[in-house]
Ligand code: NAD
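Below sits a lone chain in structure tokens, taken as the form predicted on its own.
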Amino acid sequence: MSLSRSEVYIDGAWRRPLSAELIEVLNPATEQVLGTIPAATAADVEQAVSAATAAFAAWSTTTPAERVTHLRTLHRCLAARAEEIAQTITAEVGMPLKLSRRIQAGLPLAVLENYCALLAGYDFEERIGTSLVVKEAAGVAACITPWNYPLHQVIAKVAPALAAGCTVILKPSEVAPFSAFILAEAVHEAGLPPGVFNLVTGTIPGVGEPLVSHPGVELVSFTGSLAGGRRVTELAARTVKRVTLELGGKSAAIILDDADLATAIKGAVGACFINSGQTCTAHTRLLVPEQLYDRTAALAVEIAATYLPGDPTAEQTRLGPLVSAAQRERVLDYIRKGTAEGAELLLGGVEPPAGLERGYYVRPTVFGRVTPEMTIAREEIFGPVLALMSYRDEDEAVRIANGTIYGLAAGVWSGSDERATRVARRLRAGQVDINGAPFNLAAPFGGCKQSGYGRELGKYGLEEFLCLKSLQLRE
């Protein structure tokens, strides 16, 4: 199966980039080349920005109803290719196919549908006394996205940007880029005006940094690593751009002493291992009362052991490979550090899973007796590694949970939703799951501290792409 692409999408047309250089994309389960994509350059970025700038005046003045019509057509075009999207992302990321169908293909469609519904009823004007406050498109938006949920992260930026009236230049991760080409084809099929959406592929130095630095780009929405976010902020500051950042996390799941322990641990392990732990909101620290520690450790190991690594296209597989050899080595290095710093290795380790000598697989790993100063308790691992930590009382649990540089997500488990909510209010995190409650696409998503700033999803994500103007009226 070859997914190779040779062109980028600029100004409503597919065109060959100005450089002939290509980037290989590997299947993480087989280590074979899936295909190649263009390694565009700053010259291609220049063309994309020119196209987006030229299209902005007309697109930004379309009515919300007109934009809804375009987005609904785009939704239909993507929905018709949902199975292709799921299989493509499984091939490039390694998420088990049964999950890709629901998450990697289903979630972007749900987000796009939500924005269609939201836009249809959103009020872009508000009268405040003698002023008319108008919410206008912020300008040309650069959307730079990661590889772990490649189409979802794209749609979470592109859908509100287009809904707001912005024009877009998308730079997807070169590690998992192929679903972005499917999106560009759907955009073309849906008949969006030329220049409204542009796709330029390549590396961060070759495409990402020129995009962020370009004076014609007025807004940057970035999801990625903490180091990448710092670099984006530095470059964007030179032209005083608006920036939204969704960066890393080191999320804690707190189990209180009145929780249903088996249910809580099952939920916490699932929240850690989804997408092989390659999730920014993964609950990688499991905090339990000291008196429940032994039972928790036994249950956590029992449940984690059911996450058998395997072929992501097989129906029974729960844990696919990591996305790349570099990512696997990064995770294995953290496992080594955990052992070296004195954590108890309860399950897993650095040895490859039996029978999976090929592919970037890591065994599900559980560490016990992890303390807050250990590296595996402080740094984002981005792999299937769970750290068990004990606490003496609620105050200590909150201190441990809040004791990292991150503030993206968390979870609280209790026999009482009221008690869990009280503890959740004390956590410095952008979203807290109460007793495993489901993800809400209308609620704001984002973090605090060094997990970033700004929000995605719902009206909050839309408003990141809007600029406020006050018209001062006479009485």
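Heads up: residue numbers just count along the shown sequence, starting at 1. A quick note: this is a predicted structure, and the numbers were derived from the prediction, not measured.
Not pictured, yet referred to below: the form predicted together with the named molecule.
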4.5 Å heavy atom contact with the named molecule in the model of the complex for all of P146, I204 and G208: yes
Where does the named molecule sit in the model of the complex: which of 395-403, 375-383, 286-294, 88-96, heavy atoms within 4.5 Å? 375-383
Single option in L247, L388, L183, V140 placed near the named molecule in the model of the complex, where near means a heavy atom within 4.5 Å: L247
Please tell me which of A105, C272, V212, I155 lies within 4.5 Å of the named molecule in the model of the complex, judged by heavy atoms. V212
Against the named molecule in the model of the complex, would S225 count as a contact residue? Criterion: heavy atoms within 4.5 Å. yes
Could you tell me if D311 has a non-hydrogen atom within 4.5 Å of the named molecule in the model of the complex? no
How about A40 - does it come within 4.5 Å of the named molecule in the model of the complex, if we only consider non-hydrogen atoms? no
Could you tell me if R231 has a non-hydrogen atom within 4.5 Å of the named molecule in the model of the complex? yes
Residues of 153-175 having any heavy atom within 4.5 Å of the named molecule in the model of the complex, listed in sequence order: Q153, K171, P172, S173, E174
